[in-house]
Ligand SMILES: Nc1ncnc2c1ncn2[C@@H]1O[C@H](COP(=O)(O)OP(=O)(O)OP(=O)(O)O)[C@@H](O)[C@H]1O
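Below you'll find only one chain, the form predicted on its own, shown as structure tokens.
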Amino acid sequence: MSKHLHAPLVQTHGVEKVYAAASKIAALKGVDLIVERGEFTALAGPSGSGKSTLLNIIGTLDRPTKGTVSYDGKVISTLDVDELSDFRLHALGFVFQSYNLIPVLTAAENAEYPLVLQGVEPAKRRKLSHEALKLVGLEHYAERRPDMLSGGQQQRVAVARAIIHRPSLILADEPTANLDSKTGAQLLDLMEDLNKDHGITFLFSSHDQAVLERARRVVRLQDGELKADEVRAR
């Protein structure tokens, strides 16, 4: 009998990624990984270990050369471009180290952008945007553009954008990389609260020791292979 009563939120099976350069660089070599709902997990490893590649493949921003990625029991790595776009838009949230905000839009408009793509009507978008910005402590900065916000505030807007459509999984690639230690700690506090209070699953790619110390599970990669999987009691 399977130890999983329900399908894992994410499962990779035999995932390989080979970049088609002359040297045929293997970024991932047969990675098997299960992420359950509610996890607060970090992928760790030195530069070139494959952690960002694995995160991008789980987020369907890249495709594996071999192997499969499943989400809630359904294989998603074989979906076509339109199906993948729809999947990302509804199931996933993304937080990047460079924030990736749209410079000409206000904080509120950046936060609600996924809802624009979903075709949600304006009044509902604005209401949900206000709620998301309030959750990240920026309700009073709604009309400011990114160039009027600090790095930490911009990253909080990125988190608001990531959670506005209530995804099951947020993928965060080096989210503290451009922040000072105090601001990074505040961002991690926020993410922990969202994880505990709203049940959002977080999967990080990071070499920041502060992130790794907060994670309740650390999956370590080296040279494209999974080398260690440490679950911490909390």
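Residue positions are given as counts along the sequence shown, with the first one as 1. Computed from a predicted model, the values in this text were never measured in an experiment.
Below, we turn to the form predicted together with the named molecule, even though it does not appear here.
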property	result
Residue 66: touches the named molecule in the model of the complex, heavy atom cutoff 4.5 angstroms	no
In the model of the complex, residue 175 touching the named molecule (heavy atom, 4.5 Å)	no
is_contact(residue 30, the named molecule) in the model of the complex, heavy atom dist at most 4.5 Å	no
Heavy atom of residue 47 within 4.5 Å of the named molecule in the model of the complex	yes
The named molecule: the contacting residue among 207, 37, 196, 166 in the model of the complex [heavy atom, 4.5 Å]	207
Candidate stretches 66 to 74, 196 to 204, 51 to 59, 179 to 187 - the one whose heavy atoms come within 4.5 Å of the named molecule in the model of the complex	51 to 59
